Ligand code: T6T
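Shown next as structure tokens: one chain only, the form predicted alone.
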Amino acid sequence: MSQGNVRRLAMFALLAVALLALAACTPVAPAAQTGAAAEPAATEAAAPEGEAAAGDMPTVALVYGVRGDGFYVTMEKGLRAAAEEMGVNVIADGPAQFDATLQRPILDAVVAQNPAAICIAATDRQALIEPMKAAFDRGIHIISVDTFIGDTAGDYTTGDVTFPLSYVGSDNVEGGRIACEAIIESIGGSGKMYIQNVRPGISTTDQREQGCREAIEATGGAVTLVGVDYNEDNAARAAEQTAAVLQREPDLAGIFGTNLFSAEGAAQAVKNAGLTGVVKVANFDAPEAAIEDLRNEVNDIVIAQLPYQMGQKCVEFALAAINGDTASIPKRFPTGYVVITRDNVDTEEAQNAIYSSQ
């Protein structure tokens, strides 16, 4: 190799070394982070479903009797309005039918979300005791709303069931009595009456039937009860049963439907028989459909409960319990009624009592 070539090789070697040294001194940009790698190494765990996702807001759950019913839609509205005002989270769910076998898994799913309190309209006064007690044993406050559990008419002080904080709902014996006194007045104080009911074992409708019977007995025989049928919360079945009674008792004067579907079916049968206005029908509960029927003279009396107030009271009592103040919570909080007829349907009081459909 010539000396010139040697010199050129030496120069190339020196240049390569210089370039390597320069590269070693230059910082290398890190690879871009994506997905989970971009998150800080330590983050807070996500809040469990049903619990406050931010801050310390407690959660109150509503387990209503049947999904889509105007009564429970209105109750949930009252509950949510109070919850927003008081800084409370809400979860709400219920079965597609008023049935304990359908409500039980929904209650279990709500309990699994561990709310601070549950307001529940139990669909059976015996079947729901055990799962409600299990929720209570987990430290969840329990409030009965609309319906009660146990055998002592919602007496949670000395009755066979005492663990619920309160029973918030109508005095249904009084409601049944008011409804049937209104029918008796509308038929002139005497005649034959018939009761359309849901099924034995539902606390509210059992008591409404009781109140109606008491109103009939108070007439001293001027009004007679020709029968009671149970429709399993099915308006079509109520219509069939009522049609049979109308054939058997052509001089029937009045009918008491202990809930919406009972009255709806009874009124349809009266209409089909051409007896609208002749046979008076009292509708317990005041959804928009019942008010439309009232205007169209399909039914004659609508008894409105106050479900919005029930929802409000649930949140109020639940928050008091969450804050450690159970002494101020009454074991029984009765809500009132508004009797709606064609004479007063357009008054402010009546209009405010009509249930929301959505």
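Numbers follow the displayed sequence, beginning with 1. This one's a predicted model, so the numbers in the text were calculated from it and none came from an experiment.
Unshown form predicted in complex with this ligand; subsequent notes refer to it.
- Interface membership of residue 59, defined by any non-hydrogen atom within 4.5 Å of this ligand in the predicted complex, is ruled out.
- By the criterion of a heavy atom within 4.5 Å, residue 300 is excluded from the residues contacting this ligand in the predicted complex.
- Using a 4.5 angstroms limit between non-hydrogen atoms, residue 305 touches this ligand in the predicted complex.
- When this ligand is considered in the predicted complex, residue 147 lines it closely, a heavy atom lying within 4.5 Å.
- Of the candidate stretches 267-275, 200-208, 76-84, 215-223, only 200-208 contains residues with a heavy atom within 4.5 Å of this ligand in the predicted complex.
- None of 261, 230, 194, 156 but one reaches within 4.5 angstroms of this ligand in the predicted complex through a heavy atom, and that residue is 261.
- Annotation for 61-97: interface residues with this ligand in the predicted complex are 69, 71, 72 [heavy atom within 4.5 Å].
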